[in-house]
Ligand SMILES: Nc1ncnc2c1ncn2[C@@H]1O[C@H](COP(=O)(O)OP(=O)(O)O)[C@@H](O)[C@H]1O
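In the block that follows, a single chain appears as structure tokens, in the form predicted alone.
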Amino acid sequence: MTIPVGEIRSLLEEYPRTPVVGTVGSHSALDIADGAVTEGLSSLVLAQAGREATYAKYFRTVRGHGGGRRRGCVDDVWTFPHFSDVVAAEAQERLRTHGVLLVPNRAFSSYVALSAIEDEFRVPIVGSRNLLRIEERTERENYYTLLDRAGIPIPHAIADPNAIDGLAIVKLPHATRRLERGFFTVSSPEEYRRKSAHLIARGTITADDLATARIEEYILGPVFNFNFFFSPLVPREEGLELLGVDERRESTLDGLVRLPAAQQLELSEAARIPEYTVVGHGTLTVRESILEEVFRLGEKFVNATREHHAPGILGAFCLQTCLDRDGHPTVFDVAARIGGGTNIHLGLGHPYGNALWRTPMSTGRRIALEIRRGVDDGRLKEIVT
């Protein structure tokens, strides 16, 4: 049974007035840490042993003689043998004692069992604890069901591989790197069988994951990941903000598409099957005539989460879309927390967030600003679950 939100919010009564902003050391941790220190809060990164140098050495906060930060943005780093150890009872007690508010990223919800996050992790989360599970496509209630209820366009699902009659994408996790994708494209049942057999033999995917994979039409068009923020601390009509847009850099897909067709054909058959491992992000803006439709999608998503998953989305979220030839977005993925591409704007801010707030406003800073406003207005309980 999920921990009641009232129980989590009651923990704040023992917290110091100025809490610490914590997150798991991967994904978008630097954006979260940078945003926290920009807003005058302390930052904490929970790192896995052997993977802590980025935070503990290269971005560790260095203070001057007066105590002010001279460089860096990570004030403290705690290391654990495994990321999943952050939910151990002694770790939770330590987090609460230090007044830590945990900002969830994809690494947190991937390396830590969702059941543990929902049922055992008694630390306030800035955002929507109960919505992290919708990102799992194998769940009966996932982001596809929520998007459908909201009336948001999604790719057409193909229930049976034998029904594939055009370009489609098969969505499932990587066999060993569970945070990554084992996606592949197909255009016929025969290609599905051939490619899946090859990828299983290569160790990229597993037969068990393939059995529960989602197959859907492939939407032709550029990818735009819209990074939104929703605040419950303002009137509803002012709550939704579009901060910025990013795109993914995927290996080996991006390497393949940089090659001329003749060189692609010279590769071995195995090398011509791309992998979709996200290795970086780039920044984008979108044609302004498209923005109103993007905002409509964001509003529909917020309303659907409030109706079906109370208290609804809180804080950062990302709708990942493809835009068709007419500029209409189709949502093919959802991040019900800070997205993976927000580090591209840390320190500089997102283009749209900057225009809205008249100051550099990254997603990490917007989260910290929400915490700061929650503290100042005595409404911190409204933004945690």
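Residue numbers run from 1 along the displayed sequence. Predicted model only: the values in this text are computed from it and were never measured.
There is another form of this protein, the form predicted together with the named molecule, and it is not shown here; the text below is about that form.
Checked against the named molecule in the model of the complex, the candidates Tyr192, Tyr111, Phe80, Phe183 yield a single residue with a heavy atom inside 4.5 Å, and that residue is Phe183. The partner is absent here, but in the model of the complex a heavy atom of Cys322, alone among Cys322, Leu41, Leu356, Ala56, sits within 4.5 Å of the named molecule.
At least one heavy atom of Phe332 is located within 4.5 Å of the named molecule in the model of the complex. Among heavy atoms of Gly312, none comes within 4.5 Å of the named molecule in the model of the complex.
Using a 4.5 Å cutoff between non-hydrogen atoms, Ile219 counts as a contact of the named molecule in the model of the complex. Although the partner is absent from this view, Pro274 stays clear of the named molecule in the model of the complex, with no non-hydrogen atom inside 4.5 angstroms. Contact with the named molecule in the model of the complex holds for none of Val45, Arg60 and Gly347, as no heavy atom of theirs lies within 4.5 Å. Stretch-level contact analysis of 94-102, 298-306, 210-218, 231-239 against the named molecule in the model of the complex, using heavy atoms and a 4.5 Å limit, identifies 210-218. In the model of the complex, the named molecule lies within 4.5 angstroms of at least one heavy atom of each of the following residues of 137-154: Arg137, Tyr143, in sequence order.
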